[in-house]
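Here you get one chain, nothing else, as structure tokens; it is the form predicted on its own.
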């Protein structure tokens, strides 16, 4: 900031309120400089080719592995989550980085296409070209895993990246950029800007070639509207109201254990975490008994003491409380915990049942350690209720015989069958949602393709004696084209579909 004192903000430990560090609030000038430097670095980064970038990204992955304890400790300090959870998060992020680096060449290499009989003299291919500079706006709940799903794949595809981490977890983003700078030929290839929401908006307006955003649906709509002014493409990953379907033939012990972890880990602050369960009435009592007993054994607390930490964002406590209150007021029954479970900065486990489908606790993302279990008479009813949500991110299905069949009926981007959030840990499959959960994909081949654009190149291998793309085309050429069309397509078009 020219001619004035640089403004800053602090990162706090959500458990103790202790100030961890101070970071600058980057404004238009600082963001513009970061983007300009990233654009200058694109020639260097793209010039290395797939295998040159692979070497550097794998070296970065190794460095992250070597310093994973340092990373996990920082994540734990800024989010309050147990270091064990932070370590798992970092490990999964490194796995995606490694996969993207190793597979970018095979996924994005030139593809040769058949030109067809009428254009038989042509050679046709499709190239995948990096977009240029990608802006990434990350969340606070998984401050390394989630943004690295965009950062890793964008870098592997040949783009440079400017990353704006959440104002609640800026230290993780700054640390990532510093580690990359230790092994990269230029720190401008992956740079970080810090600040509040205004810094994110400035990044959207900075002229980057694509924005990858993770956050609430409300903020996502603002991001999309801002980017639309300059036709900047956007990849958006928002929240979810992820359902769990428990069929009568499910392994109830595994389902209860996994569902409880999915709902309560990270204090319920996981966009793909379980929030509502539809269990077949034949096994509902048994499932409920199992999950409530397990729920009684977990407690929130400081890292190393609790099974999960505090609400990282203090204002979320009011939202969680209002959801519990509304659910109970509308006839819901508390099986474990209740309104009194909200004890800032923590929320103790809450399990509710018989909650009406039109309550805010069933329609809106709670983002806390609260799970609702409702009985259904048929699995078709569970599928219908799951799909009636405005969200469509992830889901879990528990059935020994019909898991895949049920999964294919759900209107969402990802389904885990007889497991929980397993799709997030598999690098070869795409991650993303539909409806109010966003659009676009990270991870897998789709994640690499997301940060490139297709370029078609059609080359004449030899010239035909009859020119079709010329004002000199004569009647004989027209008759020839029609005749070829009848021979090539007429027989196929007259065939009845099978």
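Values in this document were obtained by computation on a predicted structure and should not be read as measured data. Residue numbers count along the first chain shown, from 1.
Omitted from view is the form predicted together with a small molecule, to which the following refers.
Based on heavy atom distances of at most 4.5 Å to the small molecule in the model of the complex, which listed stretch, 140-148, 318-326, 247-255, 287-295, is the contact stretch? Within 4.5 Å of the partner lies stretch 140-148.
Of 223, 336, 342, 410, the one that lies within 4.5 Å of the small molecule in the model of the complex (heavy atoms): Contact residue from the list: 223.
Contact assignment for the small molecule in the model of the complex, among 216, 402, 123, 129, heavy atom within 4.5 Å: Only one listed residue qualifies here, and that residue is 216.
is_contact(residue 303, the small molecule) in the model of the complex, heavy atom dist at most 4.5 Å: It does not: once the small molecule is placed as it appears in the model of the complex, residue 303 has no heavy atom within 4.5 Å of it.
Does the small molecule get within 4.5 angstroms of any non-hydrogen atom of residue 197 in the model of the complex? Residue-level check for residue 197: yes, a contact with the small molecule.
Does any part of residue 239 reach within 4.5 Å of the small molecule in the model of the complex? Heavy atoms only, please. Yes, contact at 4.5 Å.
I'd like to know whether residue 393 contacts the small molecule in the model of the complex, with contact meaning heavy atoms within 4.5 angstroms. Yes, residue 393 is a contact residue.
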